[in-house]
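Consider the single chain below, provided in structure tokens and representing the form predicted alone.
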Amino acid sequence: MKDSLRWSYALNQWNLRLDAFVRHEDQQRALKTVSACGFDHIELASGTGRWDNISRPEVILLNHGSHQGFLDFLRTAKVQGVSSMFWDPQAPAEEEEGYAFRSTANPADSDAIVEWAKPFVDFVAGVGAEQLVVRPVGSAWMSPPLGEDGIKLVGEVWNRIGELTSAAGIGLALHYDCLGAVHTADELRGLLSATDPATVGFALDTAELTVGGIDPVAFYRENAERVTHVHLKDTRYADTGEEYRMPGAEATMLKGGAGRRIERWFFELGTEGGLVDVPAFVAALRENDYPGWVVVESDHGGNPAELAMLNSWYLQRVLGVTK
């Protein structure tokens, strides 16, 4: 995309399950689709195991030999580089102590989580990406409310990792998740206050904030100086009944429709009935000379190639971004 904003595309919507996005041929098809839609950078997402071979730093390097080898693989499809990588330390992974459950809210886990971050920091820096994007805390239904002191403990973990990313020459961005234990606008402000603005930024996801009941345009204008990364997608629904606290909310709310027969929560830009004011949000980014990446994604919202084309159409035909 030829624009004053820098646009990237998330590959997470292609990676529906562990064994569905393994073959290099399939990965090249996704990369070529993204490239044909006008995006020349991608965002990766962490995963686990040898079958998730585009989601683990060590597995990527085994498959492609080096950071440059992986970049060469991307450039075969005319994708020039990686903007960012998403990592959730709360998600159990085979590589980290055999699917150990860790939480940034538990001080006993802090050292292990900081150690787990190092391969991701090194990989993001090695491929020339700019941001390690992280899920700062686990799901709300899995633990009691954090409170002010609990949020400060979470912030301390990310301050330590922020020192690592800063030393490596990359950024660290905390991503708001609509299921997360840091849920309300005040809790989110508390987490930002508990972290060092020099080394820890905020990844604003327009749809996740909207589902969580937070206006993304207003929150961006209030916190523009902390926003170092953006995920841009739409939603037709908000959590109107503390559905994020449902037991097993990942399945019961996000996949199960929260008992409301919601077919999916995340949609392409410009979807009918979309709640995100995308033009206003993008205008706010431009007004503030936002320097970071804007990563378009649909987050398992449907057919990935179709959604990439619809998102590209919206950028070109509605927002006037030149392909």
Partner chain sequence: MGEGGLVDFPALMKEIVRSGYDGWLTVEHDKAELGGGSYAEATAVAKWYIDNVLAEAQAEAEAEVAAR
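Everything numeric here is computed off the predicted structure, so don't read it as measured data. Residue numbers count along the first chain shown, from 1.
Here the subject shifts to the form predicted in complex with its partner chain, a form of this protein not shown in this document.
Shown alone here, residue 64 lies farther than 4.5 Å from its partner chain in the model of the complex, counting heavy atoms only.
In the model of the complex, at least one heavy atom of residue 36 sits within 4.5 Å of its partner chain. Proximity of residue 184 to its partner chain in the model of the complex falls outside the 4.5 Å heavy atom cutoff.
Not displayed here, its partner chain is approached by residue 77 to within 4.5 Å at the level of heavy atoms in the model of the complex. Of the candidate stretches 56-64, 290-298, 28-36, 258-266, only 28-36 has residues with heavy atoms within 4.5 Å of its partner chain in the model of the complex. Taken together, 14, 303 and 306 are fully in contact with its partner chain in the model of the complex: each brings a heavy atom within 4.5 Å. Counting a residue when any of its non-hydrogen atoms is within 4.5 Å of its partner chain in the model of the complex, there are no hits in 127-150.
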